[in-house]
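Okay, here we've got a single chain as structure tokens, the form predicted alone, with questions on binding and movement later.
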Amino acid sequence: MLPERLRRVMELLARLPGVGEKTAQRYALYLAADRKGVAAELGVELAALGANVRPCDRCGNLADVIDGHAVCGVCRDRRREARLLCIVHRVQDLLAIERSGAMRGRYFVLGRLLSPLDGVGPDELPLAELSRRVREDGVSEVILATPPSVDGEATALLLARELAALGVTISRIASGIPHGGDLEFADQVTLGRAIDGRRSIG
């Protein structure tokens, strides 16, 4: 009953996380009936997204591409404590911790977690890049803020073992985040307490 192109837009929207079939239909119908130019403006921005936004060259956070380089706002902020480095799984986790206001250091986004069942071993993690970042920035403390899940804990233990040889203090975010939960959905108070109450590993 709907035009083919509109159905295609609905199918694409339904692939987005948290967007079900009914929500996708509501979005697509709104955009099709839009008379304020939102659909056209959204189309232009989406078309330019891949070329103008990419992972930060230093930490993996998302950043604008300027003159062929991508350095995010956190890495550019000279008020940040360069000797304090927080390691997270995803950009969503970085943003969640930033909302807590408890982290004044910088970040390193892994992009994936150690997960033998999914074929992700130590060689698939950016351990060499992380070690180089710790040395170059003179990092004195590393906060392991991987999720409190089986894969997150295994990754934290691996990172603690790899970084121990660099002579840095290694801490793990404290309890408060439910086991198996995602940092992205934790409230600001819980995340703030988790950062403030981090504990040493090893």
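Because the structure is predicted, anything quoted here is derived from the model rather than measured. For the two forms, the rigid core is made up of the largest set of C-alpha atoms that agree within 1.5 Å on superposition. Numbering starts at 1 and runs along the sequence shown.
The same protein also has a form predicted in complex with a further copy of the same chain, omitted here; what follows describes it.
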query: Whether Gly138, Ala156 and Arg193 all lie within 4.5 angstroms of a further copy of the same chain in the model of the complex by heavy atom; finding: no
query: a further copy of the same chain contact in the model of the complex: Arg199, any heavy atom under 4.5 Å; finding: no
query: Contact test in the model of the complex: Arg83 vs a further copy of the same chain, heavy atoms, 4.5 Å; finding: no
query: Leu125: touches a further copy of the same chain in the model of the complex, heavy atom cutoff 4.5 angstroms; finding: no
query: 4.5 Å heavy atom contact, Ser115 to a further copy of the same chain in the model of the complex; finding: no
query: Contact segment among 144-152, 60-68, 129-137, 165-173, judged by heavy atoms lying within 4.5 Å of a further copy of the same chain in the model of the complex; finding: 60-68
query: Neighbours of a further copy of the same chain in the model of the complex among 41-74 [non-hydrogen atom within 4.5 angstroms]; finding: Glu41, Leu42, Gly43, Val44, Glu45, Leu46, Ala47, Ala48, Leu49, Asn52, Val53, Arg54, Pro55, Asn61, Leu62, Ala63, Asp64, Val74
query: CA of Ala160, rigid core aligned, shift of 2 Å or more between this form and the one not shown; finding: no
query: Core fit, then Ala39 C-alpha moves 2 Å or more between this form and the one not shown; finding: yes
